[in-house]
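Given as structure tokens, the chain that follows is alone and in the form predicted on its own.
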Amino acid sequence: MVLYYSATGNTEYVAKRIAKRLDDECLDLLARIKANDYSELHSEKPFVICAPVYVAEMPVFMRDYLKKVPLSGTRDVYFIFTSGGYAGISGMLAKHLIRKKGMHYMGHAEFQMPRNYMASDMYPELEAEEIERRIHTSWLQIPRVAKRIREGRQLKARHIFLFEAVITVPFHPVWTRIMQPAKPFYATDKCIGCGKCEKICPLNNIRMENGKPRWEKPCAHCMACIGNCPVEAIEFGSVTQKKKKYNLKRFFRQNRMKAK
């Protein structure tokens, strides 16, 4: 069974194509995470958990969910991480998590996908050509990864050095507390009050009031709300006002690119 969470389509793209290669079920965890649904998940085939990377780690809300949900049947678990270029210590943390559940960690693979983080000027926008290159490169990588999983072989990604953990472990909570405020998010007059942002927030921290969304803390800065707004009415302060709102499916439509 392939399990995934995806904010703007990158992880969903990889997860669904790997599931198709494996002829396996593919489950979006968003609804279960939002509802705190920890009912057992059962699979006779290996679990393949696909996750984005936020601040060099798997999203905290996804990691916390996986700690609590019972996984039965197979004991083998693979991980797939999608990031803008650096998966950090995600693999190390995944290994620790799965071993604590008494299961077999079968390694992880890293996919470099288009960067979706828009709430900072630290990360320059990618040109359409680079976005398309990353998607195509990932598409070419999928058959190789799926083949190893199908054959029951370990996935091998880059080595995670000790200094990465030493830096990331104390840095991550500080960053998420200070650098991920919810207050700067707002909806412009283009907002049509559809409530989609409320429905897709994994932390249930968006509330519709008088037809407009209101953001509460904490915020994961997953970019789901800003990337999925159908009329691109959501902004983060002045940082995003001139930026393209990234969403994989929207990119396909705008660039007439086929989702292979």
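The model shown is predicted, which means the values in this text are computed figures rather than measured ones. Numbers follow the displayed sequence, beginning with 1.
Below, we refer to the form predicted together with a small molecule, which is not included among the displayed structures.
- Proximity of G107 to the small molecule in the predicted complex falls outside the 4.5 Å heavy atom cutoff.
- Mapping the unseen interface onto this chain, A7 counts among the residues with a heavy atom inside 4.5 Å of the small molecule in the predicted complex.
- Taking the partner from the other structure, the small molecule in the predicted complex has no heavy atom within 4.5 Å of any heavy atom of K101.
- Although the partner is absent here, G91 is not a contact residue: none of its heavy atoms lies within 4.5 angstroms of the small molecule in the predicted complex.
- Only one segment in the set 91-99, 76-84, 135-143, 148-156 has residues whose heavy atoms sit within 4.5 Å of the small molecule in the predicted complex; it is 76-84.
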